[in-house]
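Only one chain is given next, in structure tokens, and it is the form predicted on its own.
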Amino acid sequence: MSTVPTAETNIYTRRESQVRSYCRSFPVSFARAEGATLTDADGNAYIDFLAGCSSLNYGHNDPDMKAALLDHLQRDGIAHALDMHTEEKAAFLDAFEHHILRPRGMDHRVMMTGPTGTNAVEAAIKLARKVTGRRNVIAFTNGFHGMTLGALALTGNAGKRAGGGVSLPDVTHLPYENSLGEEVDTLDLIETMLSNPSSGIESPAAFVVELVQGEGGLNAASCEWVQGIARIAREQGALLIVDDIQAGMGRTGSFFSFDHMGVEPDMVTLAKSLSGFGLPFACVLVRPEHDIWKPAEHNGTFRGNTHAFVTAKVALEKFWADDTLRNQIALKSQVLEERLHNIAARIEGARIKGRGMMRGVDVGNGELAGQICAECFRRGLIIETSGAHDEVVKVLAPLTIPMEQFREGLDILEQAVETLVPFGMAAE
């Protein structure tokens, strides 16, 4: 196994900030990537069940996207254009309209933001406050929406919030579905609090919600709860913003996590796998009546990314022109659920969480989850944790991973659990 150099010669230790994180869990130097396989500098191969934290839903270096990007570069195609018109932007928008928006009857405009998910969230809440003339935004327990101050105010994690170093105002955090136990109807609680003029909660500009909470522990909202939140938002005169940055682009089974739920958000934030190739690209989908910006009222030097337009267009045409990928996701989701049930059955109190190809096992505590991930890495599988206490072992394999390799990765995960969990801890 490849190892990083000693502290005396390690450029990362010597020069890179202490804030680095993933490299501490995977202390090798990676050199190549293809599909669902990462290869280190010594030639050791690893199955990738992290996929750039769902930024690589279509795997590493998809050959068709790579070919299109190389062609664009070789003919001196535009690299940076601010928000000016380019053939590549027009082609992406045409493909997005044809394959994603029109089939769903969505008339949303596409607002290009800065290159990451937190930029999209910042733009969305800023616009919601402008549209409604209100300041307060409703977010939910265990939600994660980004690390810049506006998005951080929506985020529940105490450690991440503390890093802001300032107060994070104008957000009310309300309980997500089942966050207070299955016996508590959080929808009824939310409705009661917001309808009470003495609850102390200011009228909201928007509700911001992930339908599967990626960093919060793979909590998945039911269709009934999502429809209830949409109804309450409407009754409150607030906008519904769905954060699909991690749960979108096929991760939960279809392009959007809200597909087939009977709701149409006022705004949708997208990033991560939007480019299809792991390139920085984020946007906000906005219903036309809410698109009230003045020119340049919100902007950013890297809004849009011409290289990402090139690869994103290929991704849309290759994977969303028919139901082939959706059917593959459904089959792999079934395999994943069955295998995770087997793994969870070995650990007392463990349970599976999530939806589609965004699933994991809550093993009860962060120490065990971390040990499982470390043992997986030792065996050649890259996988990480999530949740308030890092207690969930989270599977984010590329959606396009070959079934044989997918099963091999799940074998490694199961073997790691068998190695670490004594038979005495097995569930009844």
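Here the structure is a predicted model, which means the values were calculated and not measured. Don't overthink the numbering: it's just position in the shown sequence, from 1.
Below, we refer to the form predicted together with a further copy of the same chain, which is not included among the displayed structures.
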Students should find that, of A330, C223, A345, I78, the residue having a non-hydrogen atom no more than 4.5 angstroms from a further copy of the same chain in the predicted complex is I78
Checked R339, R355, H99, H307 for heavy atoms within 4.5 Å of a further copy of the same chain in the predicted complex; positive is H307
Note: a further copy of the same chain not shown here; in the predicted complex, the stretch from 276 to 284, 236 to 244, 255 to 263, 320 to 328 having heavy atoms within 4.5 Å of it is 276 to 284
On the criterion of a non-hydrogen atom at 4.5 angstroms or closer, are A31, L50 and L189 all touching a further copy of the same chain in the predicted complex? yes
Would you check, heavy atoms only and a 4.5 Å threshold, whether K272 touches a further copy of the same chain in the predicted complex?
yes
Heavy atoms within 4.5 Å of a further copy of the same chain in the predicted complex: does E16 have any?
yes
So, in the predicted complex, is F207 in contact with a further copy of the same chain at a 4.5 angstroms heavy atom limit? no
* **Proximity of S167 to a further copy of the same chain in the predicted complex, heavy atoms at 4.5 Å** => yes
Contacts from 292 to 320 to a further copy of the same chain in the predicted complex (any heavy atom within 4.5 Å), listed N to C, are W293, K294, P295, A296, E297, H298, N299, T301, F302, R303, N305, H307
